[in-house]
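As a starting point, one isolated chain is supplied in C-alpha cells, in the form predicted on its own.
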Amino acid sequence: MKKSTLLRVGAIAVSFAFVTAACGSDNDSSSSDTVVTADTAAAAGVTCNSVSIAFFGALSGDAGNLGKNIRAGADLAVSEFNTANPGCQVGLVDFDSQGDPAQAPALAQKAIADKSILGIVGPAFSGESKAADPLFDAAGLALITPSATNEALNDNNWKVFHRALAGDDKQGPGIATYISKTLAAAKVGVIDDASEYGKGLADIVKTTLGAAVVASDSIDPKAADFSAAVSKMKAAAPDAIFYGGYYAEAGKLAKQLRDAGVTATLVFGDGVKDQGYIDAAGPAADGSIITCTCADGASNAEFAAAYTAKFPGETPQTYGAEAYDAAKAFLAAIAAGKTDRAGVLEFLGTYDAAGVTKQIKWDATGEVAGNAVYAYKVDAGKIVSLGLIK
C-alpha cells in the first residue's frame, strides 16, 4: 500500500487531527493548492452554530455491526474536529435504518426535516440507498456513502451522491480475477441473497466468469434452511463458491455447506467482512476468502492509534476508515464556512485531499478516484489481509 501525506493549505502548520499519512492509496494524484481542509480551520479558529452531520445505516439488526463500524469512524472525525474547534461544535445525528429499504424513506424525510444536518455519512447499504437517495437528492442534502457499492447507484443522475470507495463494477471483476487466477478454479458456483447489493455483485461475478459458472441459486436470508442451494452446489461439485450477501446469513450458509460435505473454497464480498461471519460459521469459516474495496484502516498506525484511544480495546473495522474520510470531507466544508446544504454540496464538487484510505476526490457521477480491490482470508478465526488484488 502506498502512503500519501495529508495536504496543507499555505504555510499553516497547526492541525486539528494527527493523521498524517494515508494507507491503501490506489492512485498517485495530488490535490489542488486551493483546497481548504479542516486542518486549516483549526488554525483559523472556526466558528459555527447549530450544524450537524448524520449517520444513516444499520445500528441494529442482522447487519448492525457494519453500521456500527461506520458510525465509529464518523464519530472519531467529529470528535477530533470539535476538540480542535471549541467555537464550532458539530453534532452527529444517528438514523438507525436496520439496513431495511422499507424504513429508509421515512428516516430520510426525518433527516431532511432537521435543518441543522448539512450532510449524510451513508446510507450504508445499497438497498436503502436506492430507496432514500432520491429524497436526499430532491432536498439537496449531500451524502457520502462509505459502503454502498451497487454499481447502478450512480446511474440515477443524483447530484448529491458521492461514494468513498470503489463500486461493484470494480469489486466484481476483482473477485472473478481472484477466483480464476489465484484460486485457479475451473468450476464455480454462485449464490446470492436476492438483495440490491448481493444479487448485483453476484451477477457481475457470474457475467465475468462466464462458462466457468456451473451452478447458481438465490436464498432467502431470513430462512434458516438453505438446503436447496446447498444440494445444488454439492451436485455441481465446484472448486469455488461465491456468495453475494451479508455476514449473518453467510455464516449459516458456510456451516450448512461444510456440514453437507461441500469442500469448495468459499468466497465472499465486502458485506461478509465482519467477525459476525466467523461467529456464525464457526470452524466452517476458516479458509474463506473475503474481498472489499475498503482499505484496511488498522494498517495506518496513526489512524489506528486514534481509533483505539477513542474506543479503548478496539481497532478500526470494515468501512470505519472510509466513514472517517467521508466525515472529514463534510467537516472541511464546514471549516471553509459552508454552513448551508447548497454550499456543502458545491464544496464537495471541488474537494481534493488525502484521506486515510486514498486520495478523496469525486468525478461528475460521484465516484471516488481509485479502483483498488483487496483480498482477505479467514485464518484461525481471524480476518487477515492478503493485500491488493492485481
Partner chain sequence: MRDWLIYRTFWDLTVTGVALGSIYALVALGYTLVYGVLRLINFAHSEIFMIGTFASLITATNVLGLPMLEAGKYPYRTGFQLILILVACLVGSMVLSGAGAVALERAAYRPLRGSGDQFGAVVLAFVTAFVVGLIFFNTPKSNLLFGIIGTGPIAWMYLSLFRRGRQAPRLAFLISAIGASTAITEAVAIWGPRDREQYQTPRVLEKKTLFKLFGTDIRIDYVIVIVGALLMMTALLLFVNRTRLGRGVRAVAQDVETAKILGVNVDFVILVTFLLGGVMAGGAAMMFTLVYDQTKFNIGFLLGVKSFTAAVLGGIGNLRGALLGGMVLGLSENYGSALFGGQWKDVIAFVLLLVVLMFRPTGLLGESLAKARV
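Residue numbers count along the first chain shown, from 1. In this text, all values refer to a predicted model and were calculated from it rather than measured experimentally.
Another form, the form predicted together with its partner chain, is not on view; read the next lines as being about it.
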Taking heavy atoms only, is Thr47 within 4.5 angstroms of its partner chain in the model of the complex?
no
Close approach of Tyr197 to its partner chain in the model of the complex, 4.5 Å, heavy atom
no
I'd like to know if Lys232 sits close to its partner chain in the model of the complex, meaning any non-hydrogen atom pair within 4.5 angstroms.
yes
Mark Leu107 yes when one of its heavy atoms lies within 4.5 Å of a heavy atom of its partner chain in the model of the complex, and no otherwise.
no
Checking Pro283, Pro312, Gly87, Gly210 against its partner chain in the model of the complex, the residue with a non-hydrogen atom inside 4.5 angstroms turns out to be Pro283
Which of these residues, Asp220, Glu302, Asp137, Asp203, gets a heavy atom within 4.5 Å of its partner chain in the model of the complex?
Asp220
Looking at 48 to 56, 347 to 355, 333 to 341, 64 to 72, which lies within 4.5 angstroms of its partner chain in the model of the complex, counting heavy atoms?
64 to 72
Heavy atom contacts to its partner chain in the model of the complex at 4.5 Å, residues of 240 to 277 in sequence order
Tyr247, Ala248, Lys252, Lys255, Gln256, Asp259, Ala260
